[in-house]
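Taking the form predicted alone, here's one chain by itself in structure tokens.
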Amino acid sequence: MNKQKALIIIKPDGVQRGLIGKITTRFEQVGLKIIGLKFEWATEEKIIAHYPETDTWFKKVGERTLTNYAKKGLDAKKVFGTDDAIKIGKTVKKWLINYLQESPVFIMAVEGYECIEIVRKLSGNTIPVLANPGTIRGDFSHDSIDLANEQNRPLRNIIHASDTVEDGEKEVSLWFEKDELFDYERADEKIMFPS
């Protein structure tokens, strides 16, 4: 069984609210190993590289936005000037770039067995009102789709967490140079996963 890597970004709302320690602790407490840490201002280039620049991604984001607006009885065309999912996705990406540059972000690479699934479970649903208590977003996020829509901005949901093994590898490589990642053995690894 191979270890997986995941990228965690504590977004500006988490940084500004002083939640770095509380969030980091949750990942350590379940046995994930921190292999890299950074605190930096994200560049526009890095954010653009982080979120795909493909019509498939733009369409997915746009369709999700259209669905959320429809559920709330809102007219997406009034806000975006279009109901084209790809164009809406491009606007949302611009919002994300602005959001991730509101303050420094805290970036963490973690490693462990079933790492992606554990990270996603700890993070909770990306929509705070749907995140279960006990998850990071369920305990610390307070933003709502309605407010984000009203203010024409993305949902502020505290953290980004890799959602696939492939994304974890790609995102860790994007945000960290090889010499910024550390390979070491946690004290509890020998007990949990003997050779």
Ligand code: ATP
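This one's a predicted model, so the numbers in the text were calculated from it and none came from an experiment. Counting begins at 1, following the sequence as shown.
If you look for the form predicted together with the ligand, you will not find it shown, but the lines that follow are about it.
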Answer option from L155, A131, I47, I35, heavy atom within 4.5 Å of the ligand in the model of the complex: L155
Close approach of E169 to the ligand in the model of the complex, 4.5 Å, heavy atom: no
Contact of I136 with the ligand in the model of the complex (heavy atom, 4.5 Å): no
4.5 Å heavy atom contact, V61 and the ligand in the model of the complex: yes
Contact label in the model of the complex: I145 to the ligand, heavy atom within 4.5 Å: yes
Output flag, F39, S103 and M108 jointly within 4.5 Å of the ligand in the model of the complex, heavy atom basis: no
Contact set, 75-97 vs the ligand in the model of the complex - heavy atom within 4.5 angstroms: V92, L96
